[in-house]
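The chain below stands alone and is given in structure tokens; this is the form predicted on its own.
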């Protein structure tokens, strides 16, 4: 009896070991909540969440958080989370952050990277891992030419924004002498190049500044000596704000214009109300405070402030990923395929999101807007002609 029992128990032990080994070898699958909703999936958010450039990115992160909160409320047990990757806008930080993102298998998509320079570093890592991304604000045109299958852009690129700025200077500002300045970044230089193509002989001088530069005396002098009636700046707020302040102190009273890299609250506050007055910025995005549906009210209720630049865009792009989850796309490969055939209207922006083979937004959906600094705020939103 004891021998028989031992044999039986031994067989049970062997079966338990086999079952345990099989379980150990089986890849962990996403959990469900007892129904069809998959629980515990993640979306990454990649960009400058702290530092001088955060004003351009944190509104978008808040928009993404709002989209996920609404999805979780409507889908009990989904428990989708947003995982932030704070690049501080630095290409040096982009590689380890991207590596960390791809290592988390529950991250099925990424909103961002927010800037073009960090995109050039992070996107090859995302592409190798097959992790699909949709950037809400990286506008350098060449990002679409790298062969990254995972690349999608949720706004127009600088082949749209640059010419629009050039035409604004010629047709609206009536500037016949324009001085061009850029910060040598992937974004700033690329945008300057497209502006210059439109202006041609109206360009009376060019100059470059560097990241973290604070003294712009020689550039201010060069602008004044050129006789320019307008200055274009390609780059970001941290350098543009003190540059404009010094430009005004040096006596320049002409038009100052830049792209979406200057379209944040810091450009207004750091420059100062008097010196920034009349400055113009453009963006491949409409005013977030005029977004459609309940977005503005819901955003303000959750965060206690009006939505800032790209908040509505990031909200809608996050919802694209969430629609994928709802449709059962719980792997990176399935999500990539989902984006390849996606065709849907953003509830906040009203944009029809449909991507071409190179990851660019359908050209018919691209729009460029201009905003003017007035009384310490970005005002007078105007959609610019496409040609």
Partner chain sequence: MNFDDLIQGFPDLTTTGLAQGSIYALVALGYTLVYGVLRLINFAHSEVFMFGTFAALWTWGLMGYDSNSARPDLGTALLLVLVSLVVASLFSGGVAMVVEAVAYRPLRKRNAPPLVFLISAIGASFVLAELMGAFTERRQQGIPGLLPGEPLFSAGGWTVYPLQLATVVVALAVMFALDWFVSKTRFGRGIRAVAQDADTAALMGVNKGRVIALVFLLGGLLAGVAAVFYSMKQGNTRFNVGFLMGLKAFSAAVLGGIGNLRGALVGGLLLGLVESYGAALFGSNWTNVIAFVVLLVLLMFRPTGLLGESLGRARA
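Positions refer to the first chain, counted from 1. Because the structure is predicted, anything quoted here is derived from the model rather than measured.
We do not show the form predicted in complex with its partner chain, though everything after this point is about it.
Per the 4.5 Å heavy atom criterion, its partner chain in the predicted bound form is contacted by stretch 236-244, the sole one of 236-244, 107-115, 138-146, 76-84. Among residues of the shown chain, residue 155 is not one whose heavy atoms approach its partner chain to within 4.5 Å in the predicted bound form.
When its partner chain is considered in the predicted bound form, residue 231 lies well away from it, no heavy atom lying within 4.5 Å. Contact annotation: residue 193 falls outside 4.5 Å of its partner chain in the predicted bound form, judged by heavy atom distances. Within this chain, residue 272 lines the site of its partner chain in the predicted bound form, having a heavy atom no more than 4.5 Å away. This chain is displayed alone, yet in the predicted bound form one of 222, 290, 173, 95 has a heavy atom within 4.5 Å of its partner chain; that residue is 222. Contacts of stretch 288-318 with its partner chain in the predicted bound form, defined by any heavy atom lying within 4.5 Å, are made by none of its residues.
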